[in-house]
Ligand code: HXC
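Coming up is one lone chain in structure tokens, specifically the form predicted alone.
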């Protein structure tokens, strides 16, 4: 083959690769508010940073009678590029080619990109837009999914893994995102489910729309499968770029330090304006976070699910921290089944990637109720205990108001592994609240009094004065420092600096057995 002929063939192959399923199918994507696979990569990565892998690989479309045309790339685009100047690896499924279905070579491309990320210690991002397994390729497709799942598991805790759902993601395909660290969805565009509405109707007779069954709102607020949702793909990509700037590339690195204009010695004089004097009155813990941490730095995770606990990443003096906080605005901040799962998974991510954990505590206990007990609150609640005890990163607890019973242990107990515990003067650390405790301890005195109601109030105040204050726990050494609220930010920064070189040795083992 002469030079001219070779160059002509190169241009023809290049054109076929770039056109993918063709202009008509790409236009159909645009009409649905969706971008094409390559357009998404261009929108997400730094300009001109993308390097493609296996660009000309071809699947078995002709062999299985799927299409008369061969498609270089087999319905997915993979490679490496940069986000904010830092390397990532990624795959982007192309719905214009055979509906983005996953066949043998399609899966091979994705798996190779995963393995490239793991070898180089960089984050892996997968953009999902696929009709699912390529049925005609049968077990070849299933084997491809298995390889991808295995790579997800091997990468877990080693490199950050993001799943960006920008179209359908159905059947077995949903399990790869479920194994990854964070799932992103877009309203009206993203759908995830094991079986779709038609199958459900045929089997159970239930009728439901695609959005109601597996849309972004459903998975962010009801199932907890997804962590973030957005109005557009562009908003989603902007957030991903920001989130990645908080995280290390892998588990051997520390999170990046950002330049910060918010002074580390800034006081927080209005903190007590957020916490009501009435101990049962709710408030939003996000108002504490916005005052104590670097300005506008909080990135909340799972905002719409299990809202009685707030988790997310923030900056303290430019350093990334993970926040694990009770939110008295919902269920009085009690821990329940879903919030236990939410908190434990977030804590384990932080620990895997060297991100210190700050617990903001205002919790009356685990949520009571028959549904909670029968749903396994014991098993689920134990996940937080396990995650905190397992974590070796610096762990700081700030008791804002209540810290009672088993939830005291989960949120602020030194014996469980918190390195430093500080408290506001409003803090209460006890087995239970004053009313319940007084009714048990002083039962005979109350019932035998001429006016039981008056005696009960007297004993409640007596118990509060003697035991319901932070100085009792501090006297036993369970609280390190009781602070003026205006020094909250300063004390959190100082507490992390104290433990910035923390090292812990643990018993040798293959892995633990968290109560899943």
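Numbering follows the first chain given and starts at 1. Since this is a predicted model, take the numbers as computed values, not measurements.
What follows is about the form predicted in complex with the named molecule, which we do not show.
- Residue 98 is the only one of 225, 299, 98, 393 with a heavy atom lying within 4.5 Å of the named molecule in the predicted complex.
- In terms of contact with the named molecule in the predicted complex, the residue from 230, 305, 145, 246 that brings a heavy atom within 4.5 Å is 145.
- Just one listed stretch, out of 398-406, 332-340, 351-359, 137-145, contacts the named molecule in the predicted complex at the 4.5 Å heavy atom level, and that stretch is 137-145.
- When contacts are defined as a non-hydrogen atom within 4.5 Å, all of 25, 32 and 132 contact the named molecule in the predicted complex.
- Using a 4.5 Å cutoff between non-hydrogen atoms, residue 173 counts as a contact of the named molecule in the predicted complex.
- At the 4.5 Å threshold, heavy atoms of residue 149 reach the named molecule in the predicted complex.
- A residue is said to contact a partner when one of its heavy atoms sits within 4.5 Å of a partner heavy atom; residue 168 meets this definition for the named molecule in the predicted complex.
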